[in-house]
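A single chain, nothing else alongside it, follows as structure tokens in the form predicted on its own.
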Amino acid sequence: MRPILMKGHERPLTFLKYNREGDLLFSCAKDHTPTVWFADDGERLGTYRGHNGAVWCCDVSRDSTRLVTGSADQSVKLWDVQTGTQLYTFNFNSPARSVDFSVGDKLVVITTDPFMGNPSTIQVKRIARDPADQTSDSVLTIKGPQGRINRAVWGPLNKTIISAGEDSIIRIWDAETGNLLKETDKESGHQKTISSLCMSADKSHFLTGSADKSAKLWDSRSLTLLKTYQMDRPVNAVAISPLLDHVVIGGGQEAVNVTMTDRRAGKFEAKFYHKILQDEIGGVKGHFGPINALAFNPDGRSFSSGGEDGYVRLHHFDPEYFSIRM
């Protein structure tokens, strides 16, 4: 499995996202330009210029016409995927951390960081079909969780919003009223900051990764803890295979300590676990720093990882991968 090395960012990667067909890969980094690549051979197609801060997150609409990006410049931008033009900018009073399109692409959920006395918020914006009709009004604003909310995504059928972040608690909110429906308890939940959250393809369960060196699999309706995958390093990124019962988990020690260790000792590989048996299947090495982003192609036949080293590595699985027996 030879990786394709994609060099287009000058700063650490923050997020990776495939479109629904799996032919395009969008990458966000701490440099200010989200980039789109051919997911097959790693050719760079173009960049989306306009942010002037680190871009933390992105999402692409189901028909691959719209891209939404959230940035530390306190804005969320809506882009035309094909031409790279900015269609609209939502401005906030604090950095935008996470963005996620609803099923149907009519709504987007955005989280903003606590900043200058403003608390962290979860906001829902309506996306107009015609960019000329777009407004910046929030349909719903949720305040409450302490600390940064690192990720908020839509639950099954857009009925709920699932959020997780610095206070290590996962919460499920009613998407209509903004009421808190469920939250994890300290016993079964994570002990430290939750860095990442990944929905399964059918939205029936989701995976969270945390600085407490574990990843956990949850039922997205009942918030029951299903599985726990123990690691020997803080987890920065998680992804669920849409094809096989595999999860991939990436991380590494804090970026501050990287220079003091060998790249083998720094534990910068992406580890594969069996989703149900929780056994480690194998690892993919290569990054020279912690892995900050992971994504599976929707066909489950390739995956990509983005690191603190500024590279995106695209891996197409060998045929042997699909016949691994546990």
Partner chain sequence: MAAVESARPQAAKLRWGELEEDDAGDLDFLLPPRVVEGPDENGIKKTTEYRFDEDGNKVKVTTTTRVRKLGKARVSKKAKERRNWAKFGDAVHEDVGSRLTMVSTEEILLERPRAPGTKEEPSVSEGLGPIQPGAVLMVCRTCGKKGDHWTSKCPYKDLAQPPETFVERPSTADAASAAPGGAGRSAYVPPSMRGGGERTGTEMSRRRNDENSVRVTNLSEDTREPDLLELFRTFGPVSRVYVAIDQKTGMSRGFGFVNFVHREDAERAINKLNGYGYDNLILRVEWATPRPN
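Model, not experiment: these values are computed from the prediction. Positions refer to the first chain, counted from 1.
Unshown form predicted in complex with its partner chain; subsequent notes refer to it.
Determine whether any heavy atom of Arg313 comes within 4.5 Å of a heavy atom of its partner chain in the predicted complex, and answer yes or no.
Answer yes; at least one heavy atom of Arg313 falls within 4.5 Å of its partner chain in the predicted complex.
Determine whether any heavy atom of Gln82 comes within 4.5 Å of a heavy atom of its partner chain in the predicted complex, and answer yes or no.
Looking in the predicted complex, residue contacts with its partner chain include Gln82, since a heavy atom lies within 4.5 Å.
Please tell me whether any heavy atom belonging to Ala54 falls inside 4.5 Å of a heavy atom of its partner chain, as the geometry stands in the predicted complex.
No, Ala54 stays farther than 4.5 Å from its partner chain in the predicted complex.
Quick one: does Val284 come within 4.5 Å of its partner chain in the predicted complex, counting heavy atoms only?
Yes, Val284 sits close enough to its partner chain in the predicted complex that at least one of its heavy atoms falls within 4.5 Å.
For its partner chain, considered in the predicted complex: do all three of Asp113, Arg126 and Ser304 come within 4.5 Å of it, counting heavy atoms only?
Result no, not one residue of the spot touches its partner chain.
So if I measure heavy atom distances to its partner chain in the predicted complex, which of the stretches 138-146, 118-126, 83-91, 174-182 falls within 4.5 Å?
Result for this chain: 83-91.
For the stretch 5-41, I need every residue with any heavy atom inside 4.5 Å of its partner chain in the predicted complex, listed N to C.
Going through 5-41 in order - heavy atoms within 4.5 Å of its partner chain in the predicted complex - the hits are Leu5, Met6, Lys7, Gly8, Asn19, Glu21, Asp23, Leu24, Thr33, Val36, Trp37, Phe38, Asp40, Asp41.
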